[in-house]
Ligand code: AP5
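A single chain comes next, written as structure tokens; it is the form predicted alone.
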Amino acid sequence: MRLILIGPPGVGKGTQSALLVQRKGLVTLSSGEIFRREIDAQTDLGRLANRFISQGQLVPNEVTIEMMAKRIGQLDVMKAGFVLDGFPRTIPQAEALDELLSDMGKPLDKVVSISADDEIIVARLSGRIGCTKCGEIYHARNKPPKREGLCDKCDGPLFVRQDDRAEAIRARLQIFHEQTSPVIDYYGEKGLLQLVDGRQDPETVFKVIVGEIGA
């Protein structure tokens, strides 16, 4: 099974990717995680990508495509199937992915678009609190720490990331609508798109996704 999850930040793509990995044995391919691995390993691609990231710029399509193609072509991904999160973000990336998978004889099975109103997403993300030591994530309303300002797991201090502040979230949503929404239309025209209501609880969303892909 080869899937793409598309949706704005905070809509639950990461949660659904994790469930598909745990319960269906797929390999999750997060563009952000792959970037970090390449950068940490100081590969040629990682160093090139880091030049743009360190300056607050988007990594060019050709660099992103080459980095993702390298990971998609690895044996564990080809054997288990994958769920893509965070890629493709643009039409050129989507076209390059189609060409890559066609050459491999492994076309996409489904593209799942998870959506929710912007204000719902702002409310979800603006309450997030992270641990500076272990990375555990809390939420001011849905999953508060037992002690204010301290992590339950490691006693590390908690903080709110700059990009989890309301104004930053709205800016990220605007970028998504402008840059990534056309990708949704692209896959809709190809008959691969399935729309899922991200306002539902994670288990319900998962059941809908699995039901639609017949897994």
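In this text, rigid core is short for the largest set of C-alphas that superpose within 1.5 Å between two forms. We number the residues from 1 along the sequence you see. Model, not experiment: these values are computed from the prediction.
The form predicted in complex with the named molecule exists for this protein as well; it is not shown, and the discussion that follows is about that form.
- Message: Looking at 137, 104, 134, 80 here, can you tell me which has any non-hydrogen atom within 4.5 angstroms of the named molecule in the predicted complex?
- Response: Of the listed residues, the single hit is 137.
- Query: Considering 166, 160, 41, 58, which brings a non-hydrogen atom within 4.5 Å of the named molecule in the predicted complex?
  - Reply: Answer to the contact question: 58.
- Message: Between the named molecule and 2, 113 and 188, in the predicted complex, does every residue show a non-hydrogen atom at 4.5 Å or closer?
- Response: Judged in the predicted complex, none of 2, 113 and 188 sits within 4.5 Å of the named molecule.
- residue 142 within 4.5 Å of the named molecule in the predicted complex, heavy atoms: Looking in the predicted complex, residue contacts with the named molecule include residue 142, since a heavy atom lies within 4.5 Å.
- Message: So in the predicted complex, is the named molecule close enough to residue 32 to count as touching (4.5 Å, heavy atoms)?
- Response: Yes, residue 32 lies within 4.5 Å of the named molecule in the predicted complex.
- Message: Test of understanding: in the predicted complex, would residue 194 fall inside 4.5 Å of the named molecule by heavy atoms?
- Response: Although the named molecule is absent here, residue 194 would stay clear of it in the predicted complex, with no heavy atoms inside 4.5 Å.
- Is there a non-hydrogen atom of residue 84 within 4.5 angstroms of a non-hydrogen atom of the named molecule in the predicted complex? Output for residue 84 is no: heavy atoms all beyond 4.5 Å of the named molecule.
- Can you tell me which bits of 1 to 32 touch the named molecule in the predicted complex, meaning any heavy atom within 4.5 Å? 8, 9, 10, 11, 12, 13, 14, 15, 31, 32 sit within 4.5 Å of the partner.
- Task: Once the core is aligned, please say if the CA of residue 177 is shifted by at least 2 angstroms between this form and the one not shown.
- Result: Residue 177: C-alpha displaced by less than 2 Å between this form and the one not shown.
- Is_shifted residue 50 between this form and the one not shown (CA, 2 Å cut-off, rigid core): It does shift by 2 Å or more.
- Query: Superposing on the rigid core, is the CA of residue 69 displaced by 2 Å or more between this form and the one not shown?
  - Reply: No, shifts by less than 2 Å.
- Query: Did residue 131 and residue 30 drift closer or farther in the predicted complex, going by a CA distance change of 3 angstroms or more?
  - Reply: Residues converge in the predicted complex, at least 3 Å closer.
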